[in-house]
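The chain below stands alone and is given in structure tokens; this is the form predicted alone.
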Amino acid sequence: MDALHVARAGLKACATSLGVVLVVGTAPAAQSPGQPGVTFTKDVAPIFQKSCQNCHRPGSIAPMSLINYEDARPWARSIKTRVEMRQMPPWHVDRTVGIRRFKDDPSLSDKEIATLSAWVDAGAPRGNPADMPPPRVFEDADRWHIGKPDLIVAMPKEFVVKPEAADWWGIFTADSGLKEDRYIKAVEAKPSPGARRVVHHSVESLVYDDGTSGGGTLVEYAVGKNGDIFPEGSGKLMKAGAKVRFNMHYHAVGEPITDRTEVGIVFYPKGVVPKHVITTILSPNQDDLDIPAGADNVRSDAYFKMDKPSHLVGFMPHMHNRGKRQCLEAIYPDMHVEQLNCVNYDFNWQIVYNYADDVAPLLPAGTIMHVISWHDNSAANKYNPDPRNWVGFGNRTTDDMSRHWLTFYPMTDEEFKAEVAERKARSKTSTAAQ
């Protein structure tokens, strides 16, 4: 996987996501008689604390802070625009189609968006300082999101990204030291402290001395991606003697940065074999791209067949600067087609969309996963490096891709029928309760 330009994806992403429209010195609009006014201290600050400040604070990836009124006030108009367009917080699933419920969805509610909009429309008033909630206490930005790992495997040596250099791709392989087969419950890749700015992406996989690999992709890191915690009763197999292969992509940011990316792993207890074994595949892919100069809405299609009944855990779209939209649909053996989800692609963020367990797609054997991608190579695309050029597949950010990651676990026919029956029973119970 080739991820995004991290200077944009990290520092610039959060800045441009809010835009550059500043509002300074605007007189507050009068409140309607008898209507309580929306203020920063009482209404807006709690929303920022919950959904924005983890990135928008000193020392985090966003260059502007939203910690206090003085920080946020100049960005008021742009905040309204971005939250109403649901570009912030970053979560780009089209809410009008397909499955709507996911794990770790940071989206604002309609009520929260209305509150922020009303605040801006009223002139972004400060409010009573006594209404300000206590400051949020942040956890260490370099913490493990999966909890304390049972095993940490680091790149075998440090890599120094020079202040000025071309993008660099490389592979490092490290011994895990694992002496017995274990099943993985959660896994996370993490750059060194201070190195997130230079890591375009980090894709890890397991390899063995006999030349085989196991479980597809182990984990990947890119901006917007934390760890993978697998559904209860499922996990990835890591065999004794496994090595971890680090596929790294670095980008210079104007100062020397040293990185030694690590992978943290939480295992099931020794001897525990989960009911289902998870796999992550980089597919469906379409590497035969033909994107004419200046063209918009250039469509490409890719397909992957599920040989066994499967539970789809999650998916992650991947394109480059010209990526516009990507949709995932299931073509069932009876030729019935179900659109699972669409993502309005934003190359600043690499987001894995993990389904809520009770709505995750159940796919019978023979289901064909169909990915439809659209690229925008026109001058209207502000991220387009050069709309005069034809574009095809390539690893460089100035090239493009149409790729898709699927995480799922296969089941036996009996397990599949049992899970489908359980899903139907829960649905009937919920309907009756309503």
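Note that residue numbering follows the sequence shown and begins at 1. If you superpose the two forms and keep the largest set of C-alpha atoms that fall within 1.5 Å, you have the rigid core. Since we're looking at a predicted model, the values are computed, not measured.
Just so you know, the form predicted in complex with heme C exists too; it's not on screen, but the next bit is about it.
- With the partner omitted here, the residue from Trp144, Trp349, Phe304, Phe267 that has a non-hydrogen atom within 4.5 angstroms of heme C in the predicted bound form is Trp349.
- Ser51 is the sole member of Asn384, Ser65, Thr41, Ser51 with a non-hydrogen atom lying within 4.5 angstroms of heme C in the predicted bound form.
- Exactly one of the stretches 164-172, 75-83, 252-260, 296-304 approaches heme C in the predicted bound form with heavy atoms within 4.5 Å, and it is 75-83.
- At a distance of at most 4.5 angstroms from heme C in the predicted bound form, all three residues His56, Met88 and Arg196 contribute at least one non-hydrogen atom.
- Although the partner is absent here, Leu108 lies within 4.5 Å of heme C in the predicted bound form, judged by heavy atoms.
- When the rigid core is held fixed, the Cα atom of Asp346 travels less than 2 angstroms between this form and the one not shown.
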